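Presented as structure tokens, the chain that follows is alone, the form predicted on its own.
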């Protein structure tokens, strides 16, 4: 019986295992040193905040794996012999494979800051990071924390610390929050929201040095402007990079990540890579060579399962989308809304008077083809926006059918008529927003 071994039990590896099982009777083994069972990585913050227990983050019951004949092996892979198809694990165990899937995920970026390995300094990615954060903020009283890096993980960490009444100073390299992703107006909304929650946002500020006390624990940081700020915890959240250090000196082709083709194949026979660690030699049009978000990892897992089960498929990520939560403001993006308008693009922006909701549409100036949408504080149906992007809908059609896209719960206030009215004034159009249609929402009318 062919043996498929998967290194990594995150969303990519587990999705691959589940779909291989649906398609075949192959023997499947998942190897991971992180946890016994798959868990939702995005839910770690809620464990720290006391909203759930860790076992609540596990999407499947513990009996699921044996029932579906997916073997789980706890261990750290130290070396891989591609010629003999053998993994060597810490402790001396060995595992042989016929097909190997590398789904080894990411690690926190560190940039050689003095003091970056002191006690009380850490990133936030793994279950071990969660446990360490619990220890670092509970053993000693933390009077102030400093977070370095203004992205999604940094906001999660800020909310976690804020939930325990720990003051937070947040170092952001750009002159606005998440400045390489968000347009100015969206960034301003998020920045004001964070500051209203008591977060000390410091723009155009970078970390220069982390200072130790006599016990080897952080006691202060020095910023790029020379200010020394006392703190007892430092969160390093300047992004992540593929967790491939143990693979770099092998025959596997690596650059920033593990180099793969469109079929997720590496340069080694019967070895594939998926998820955060996979780097495409020729990325899909308009996409990055590293796709480090949850849904792309899931798609890669489904795709490689088909290939391993003799239905060779190329990775097709579809239209870009992402979602996140900045304290109380939900964020969604569909298609492409760059931090600055690109050549030939036009936009329409609506913001609610409370300053915590907005919709930002981008479209082609000449053809009026809809290109993308950012929304803060209003939930949008993914399938509706995806169909507009698939169909190359005009911005006018998107506005006309805007009510179909709203996914807010019943009894929430809706703003589509107000949004369309503002669009008509600015664009010189006379569009009337159609009533919501379930046939259109479901794609059957």
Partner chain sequence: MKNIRNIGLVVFLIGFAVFIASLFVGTYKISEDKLKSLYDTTEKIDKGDTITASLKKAAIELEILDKEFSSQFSFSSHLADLLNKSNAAISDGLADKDGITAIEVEGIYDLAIVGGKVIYSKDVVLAVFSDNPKKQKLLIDNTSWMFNESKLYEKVDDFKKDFENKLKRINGKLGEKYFVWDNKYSRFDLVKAASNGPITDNKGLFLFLTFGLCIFGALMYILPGAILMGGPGIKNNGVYHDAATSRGWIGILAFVFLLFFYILLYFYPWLIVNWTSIVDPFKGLFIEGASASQWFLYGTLYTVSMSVMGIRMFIKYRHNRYQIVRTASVLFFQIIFAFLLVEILPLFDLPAMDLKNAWPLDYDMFFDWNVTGHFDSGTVGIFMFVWGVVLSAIVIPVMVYFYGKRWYCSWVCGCGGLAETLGDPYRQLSDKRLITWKIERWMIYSVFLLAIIMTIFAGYHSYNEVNYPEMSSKDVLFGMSAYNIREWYGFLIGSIFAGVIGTGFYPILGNRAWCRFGCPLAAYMGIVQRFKSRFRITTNGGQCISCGNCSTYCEQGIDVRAYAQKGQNIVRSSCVGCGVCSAVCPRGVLNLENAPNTNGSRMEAPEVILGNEGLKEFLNK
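Note that the coordinates shown come from a computational prediction; the quantities given were computed from them, not determined experimentally. Numbering follows the first chain given and starts at 1.
Beyond what is shown, the protein has a form predicted together with the partner chain; the following relates to that form.
Contact with the partner chain in the model of the complex, defined as any heavy atom within 4.5 Å, is confined among 168-176, 75-83, 209-217, 332-340 to 332-340. No member of the trio 151, 344 and 416 reaches the partner chain in the model of the complex with any non-hydrogen atom inside 4.5 Å. Checking 36, 408, 392, 66 against the partner chain in the model of the complex, a heavy atom within 4.5 Å turns up for just one residue: 408. A heavy atom within 4.5 Å of the partner chain in the model of the complex is found for exactly one of 253, 228, 328, 256: 328. Although the partner is absent here, residue 318 sits close enough that one of its heavy atoms falls within 4.5 Å of the partner chain in the model of the complex.
Although the partner is absent from this view, residue 444 contacts the partner chain in the model of the complex, with a non-hydrogen atom inside 4.5 angstroms. The closest heavy atom approach of residue 348 to the partner chain in the model of the complex falls outside 4.5 Å. When contacts are judged by a 4.5 Å heavy atom cut-off, residue 299 counts as touching the partner chain in the model of the complex. For the partner-free chain shown, 40, 42, 43, 46, 47, 48, 49 of 17-49 come within 4.5 angstroms of the partner chain in the model of the complex, judged by any non-hydrogen atom.
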